[in-house]
Structures are given as structure tokens and as C-alpha cells.
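What follows is a single chain, given as C-alpha cells, in the form predicted alone.
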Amino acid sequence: MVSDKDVDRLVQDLAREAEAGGYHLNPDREFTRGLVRGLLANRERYGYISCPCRLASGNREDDLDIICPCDYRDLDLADYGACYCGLYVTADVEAGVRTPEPVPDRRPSPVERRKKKEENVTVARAPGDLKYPVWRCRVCGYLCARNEPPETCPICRVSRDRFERFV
């Protein structure tokens, strides 16, 4: 059972992380608390905080794209002023200058996700082998060249499993 204390703690953590990364939480306190309650319920259910507005499979690897912050957040913010669930908003929405638009779900169907996963996309690169593989954060696009992805993205603070091999 999700307690009010747990909700308050996660709201504070998310707000601190959002502001540090240049993001903003929805200023509607009760709406935001409801979303955070859903994140915590999903953490109890699945072991990770998947988007409360999407149906998670319960398989972390299949749901990596919808673990909050989801892979679609930045595109949604740029195009609509808010992310799909409305937890994150742009500065002008937070300030009340802009009203966010309805956000369509960008998440591909399970068949499309499976197909994409099975495809081995080759990225063009300069001649010669690179010394290290390049890893890309699927949430913010951060790139790093090293043997393994970092434990936590230094930009958006998501976990290592949110990285994909880029080159």
C-alpha cells in the first residue's frame, strides 16, 4: 500500500531531480501526487516505476521505454508542453503562460517494439575501429565511449539499463 509519506518523498525527489536537469513537474499538486501514487503502485507491482498512464508488461526489459522518465518525455515536452502522463511540463506551462496540448502516445505497439529490438541497426562511422563502444541514453541522448554504460546517466539520472549501444 502506497502511503502519503512515500508519495511526498517521491514528489520531493522528482522535483529536485527535475529542476536540477532543467525540467519541471506539473504545478497541479494533487494531479502530480496522483501520478506519483501510480508510479509507486507500479513499483510495488513490478519493481520499477513505469508510467502510470500506460500498461506495463511486468517485464523490465520490455518496459524500459516507459520507466519514468520515459524515452518519449523530451519529444512530448517539445511538441506538446507536457509528457504523455502530464507529470513533466515545460517552463511556460508551469508558469501558466501556456496550456499543454493533448499528447498522443508515441510508444510503438508490442509487435513494432519486438521488430525494432530484433533489427540490428548499423550506424555509419569513420574508417577504422573505435577503441570503445559508444553508449547512448535513450531518455536524454547523452553519449559516452567506454566498455560499459555508466551506472547512472550523469544528465538525467536514469539507470544503466536505459542505455543502448550506439556504435
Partner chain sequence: MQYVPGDDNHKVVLYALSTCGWCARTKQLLTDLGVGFSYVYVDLLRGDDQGIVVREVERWNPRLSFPTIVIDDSKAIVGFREEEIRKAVGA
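We call the rigid core the largest set of C-alpha positions that still match within 1.5 Å between the two forms. Please read these numbers as outputs of a predicted model, since none were measured by experiment. Positions refer to the first chain, counted from 1.
A second form of this protein, the form predicted together with the partner chain, is not displayed here; the remarks below concern that form.
Student: Are all three of Leu35, Asn42 and Gly86 close to the partner chain in the predicted complex, meaning a heavy atom of each within 4.5 Å?
Tutor: The answer is yes; Leu35, Asn42 and Gly86 each reach the partner chain.
Student: Looking at Arg107, Arg98, Arg136, Arg60, which has any heavy atom no more than 4.5 Å from the partner chain in the predicted complex?
Tutor: Checked against the cut-off, the match is Arg107.
Student: Quick one: does Glu112 come within 4.5 Å of the partner chain in the predicted complex, counting heavy atoms only?
Tutor: Yes, Glu112 lies within 4.5 Å of the partner chain in the predicted complex.
Student: Indicate whether the partner chain has at least one heavy atom within 4.5 Å of a heavy atom of Asp28 in the predicted complex.
Tutor: Asp28: contacts the partner chain in the predicted complex.
Student: May I ask you to check whether Cys140 falls inside a 4.5 Å heavy atom distance of the partner chain in the predicted complex?
Tutor: It does not: once the partner chain is placed as it appears in the predicted complex, Cys140 has no heavy atom within 4.5 Å of it.
Student: Flag Leu130 as yes or no: does it have a non-hydrogen atom within 4.5 angstroms of any non-hydrogen atom of the partner chain in the predicted complex?
Tutor: So Leu130 does not count as contacting the partner chain.
Student: Within 48-75, which residues have a heavy atom closer than or equal to 4.5 Å from the partner chain in the predicted complex?
Tutor: The stretch touches the partner through Pro52, Cys53, Arg54, Leu55.
Student: Does Arg45 move its CA by 2 angstroms or more between the shown form and the other one when the core is aligned?
Tutor: Shift at Arg45: below 2 Å after core fit.
Student: Superpose on the rigid core, then tell me if the C-alpha of Arg114 is displaced by 2 angstroms or more between the shown form and the other one.
Tutor: After core superposition, the displacement of the Arg114 C-alpha between the shown form and the other one reaches the 2 Å mark, so yes.
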